[in-house]
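Here's a solo chain for you in structure tokens, the form predicted on its own.
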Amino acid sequence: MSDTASLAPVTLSRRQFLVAGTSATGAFVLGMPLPNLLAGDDSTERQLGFFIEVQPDGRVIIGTNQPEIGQGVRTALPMLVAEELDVDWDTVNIRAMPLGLIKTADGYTWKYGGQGVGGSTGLTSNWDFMREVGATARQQLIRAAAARWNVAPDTCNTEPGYVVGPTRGARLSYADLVTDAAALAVPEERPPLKAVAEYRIVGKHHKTIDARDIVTGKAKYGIDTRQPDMRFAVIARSPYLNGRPHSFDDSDARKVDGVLDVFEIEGPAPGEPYQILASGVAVVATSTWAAIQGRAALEIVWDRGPNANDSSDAFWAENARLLDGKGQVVVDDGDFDAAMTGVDTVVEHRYEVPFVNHAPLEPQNCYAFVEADRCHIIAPTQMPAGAIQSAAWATGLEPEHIHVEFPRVGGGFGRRLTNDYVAEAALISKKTGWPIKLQWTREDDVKHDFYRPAGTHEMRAGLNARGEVLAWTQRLASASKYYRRPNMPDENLWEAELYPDDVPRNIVPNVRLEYFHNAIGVPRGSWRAPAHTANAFVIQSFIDEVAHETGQDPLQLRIDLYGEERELAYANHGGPTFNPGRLTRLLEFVADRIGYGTGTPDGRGIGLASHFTFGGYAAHAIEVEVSDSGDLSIERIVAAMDCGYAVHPNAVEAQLQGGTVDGISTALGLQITVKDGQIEQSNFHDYPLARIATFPSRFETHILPYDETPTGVGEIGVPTAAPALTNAIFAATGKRIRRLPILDQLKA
């Protein structure tokens, strides 16, 4: 997709950013300076344009500026504001805010701070920012009360919903102070923040704000969008990788009742960056069903393009061929070759990790209405700024004329970091002049995706007679996620696939990482924790193999590798440091909880895995049973996470549970395969997600607090689930799983 650098925000001073004012209803508001809001335009009562509104009746409205993709950020961020504002959580109402973009003389800036979630940053990137917003509003209310009492502000304090003065009985409600607070200029200096020990809301268990709406069907997603005079569209995308329509006959499609228009959509040329994913033919109708029926009636002759012979078999064979040669050495610590000549034992194995689909419950969709001088977008997206970029590319409009709303997302998993579906909808609306609701079907979503990259990993380690790892290499042949990214040189393609500071770098003295790129035509992108899901499976499986082949205990070998708590340099996302001792703590905890080392009956085994992902730490211990006929039963799961400080514990637990389920489901049966240049899978019958019965009732999740600094949680629980499962299978059967998904390998 298009590079977002052109929307890099200019820097605003704090005074420019936070401004107090009064709404049309007389409420005290705090947020960006919005001329229509401060002028009393009552349209602002229908759309929140500020972070905090304290109304004259005492009700408090807090705006949430980040996309909600199920990670709980739409609850967690307002918790930060409410904590510092010092109000009762039960009195708070929360409203979602649209994307806020302002054009200034110096460039573009964001009204409400950066808005976008990915890489488990939705909370961490707003931790200080949202607390400061709440503290600033509290400061304004204290200053207003102090002025009324004619005392110094630092002699006053607050209790939930009230300012308390220095004299006996001096107490004013926030509702009584809204007019006075709104009249005060916001100081340039930042307000003091509460000590974590004083928190009453943050770090405590609270229900997700719209959980009831979700389970009762009241929550609104992008797929629920309805707008006046809206038409509906679907696209017949090329089934061939990098293919395009050679010709098409739409005469039968136009006979379908409700079909309004049919026309070609041109995708990117092979090798060019993606704006939309594929070329195809759009069908516009009076309903989604009519559009789908019209699409089915199309007769299209496809130009199969340059990747017509791509296949999974050829991909894996090419990876093997590449690994037999020499690649791009991207890390070379110590003297690997010399170290390997002096070791007593060498362990070497290859592992395969497949392409996988994101499979969000809500398929891609977008509402777009393109007019001569403006564009309105409503889309379930993780990256609203990217939606502006995509719409600007499709329409030719300047970003400030594109209004983006982003409702709750029915599953993101990294798929909705890319806004190709926004560009498609905008193209269709621009051509027809109609407001358009573009809808993908489940089949569209499975066959057309930016899939998790696949790759073959060759691992080799050298150990001395004491079982200490002296040298380690990981050689990877894969389809890089960075392929076809704008302005991406070939020599940087490895950066999306190998994270050089992961275990065991800075622990083992001689480490070499080597990369080979396989330029298959399959589109690829970010999938939950990106490369960590592949690398954790490979590294944690290989550690088990090293332990087994050298007569060591897998838990003890990990403890020996990780060691005590200490900060190691970590230059990748999640840094700047990594503390391997925090993994030791988690491993020992889950091993103890599951009874590791106490013995299991024949056919049963316990597997362990741990990993550092995006600033957070996680470990899994899984117990399985495998019958003589190869039937697998997961008997118990113990999962633990160290996310520093759990701001919204309910959401952290849910993310750890969901990440575990997703990791295991993917390991058991999910893969995307290619034959004759086409994706073979099409729906859940041949892309089978795990069922509820797969998971045991003995499923524990634990949060182990560490300090007062939160880390991300959205992706932390995924990477270690698969290797813990396959290590457990080995412990139960002696059969090592080196190729995902597991499928029927146990029955072989």
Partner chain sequence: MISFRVNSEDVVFEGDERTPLLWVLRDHSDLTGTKFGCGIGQCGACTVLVDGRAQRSCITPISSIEGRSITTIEGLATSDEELHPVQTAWLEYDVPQCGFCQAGQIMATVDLLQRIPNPTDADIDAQLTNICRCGTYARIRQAIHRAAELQVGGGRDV
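Keep in mind that this is a model prediction, so the values were computed, not measured. Residue numbers count along the first chain shown, from 1.
There is also a form predicted together with its partner chain; it is not shown, and the following applies to it.
Colleague: For Leu704, is any heavy atom within 4.5 Å of its partner chain in the predicted complex, or not?
Modeller: Output for Leu704 is no: heavy atoms all beyond 4.5 Å of its partner chain.
Colleague: Any chance Phe232 has a heavy atom within 4.5 Å of its partner chain in the predicted complex?
Modeller: Yes, Phe232 is a contact residue.
Colleague: Indicate whether Glu514 is a 4.5 Å heavy atom neighbour of its partner chain in the predicted complex.
Modeller: No - in the predicted complex, heavy atoms of Glu514 and its partner chain never come within 4.5 Å of each other.
Colleague: Would Arg226 show up as a contact with its partner chain in the predicted complex if we use heavy atoms at 4.5 Å?
Modeller: Contact check for Arg226: yes, within 4.5 Å of its partner chain in the predicted complex.
Colleague: Picking from 719-727, 51-59, 65-73, 705-713, which part of the chain touches its partner chain in the predicted complex when contact means heavy atoms within 4.5 Å?
Modeller: Careful reading of the contacts points to 65-73.
Colleague: Though its partner chain is not shown, can you say which of Thr473, Thr288, Thr395, Thr600 has a heavy atom within 4.5 Å of it in the predicted complex?
Modeller: Here the answer is residue option Thr288.
Colleague: Go through Glu458, Asp180, Asp261, Glu362 and name the one with a heavy atom inside 4.5 Å of its partner chain in the predicted complex.
Modeller: When its partner chain is considered in the predicted complex, the option within 4.5 Å is Glu362.
Colleague: Heavy atom within 4.5 Å of its partner chain in the predicted complex: which residues of 187-214 meet that condition, in order?
Modeller: Read in sequence order, the residues that approach its partner chain (within 4.5 Å, in the predicted complex) are His206, Lys207, Thr208, Ala211, Arg212, Ile214.
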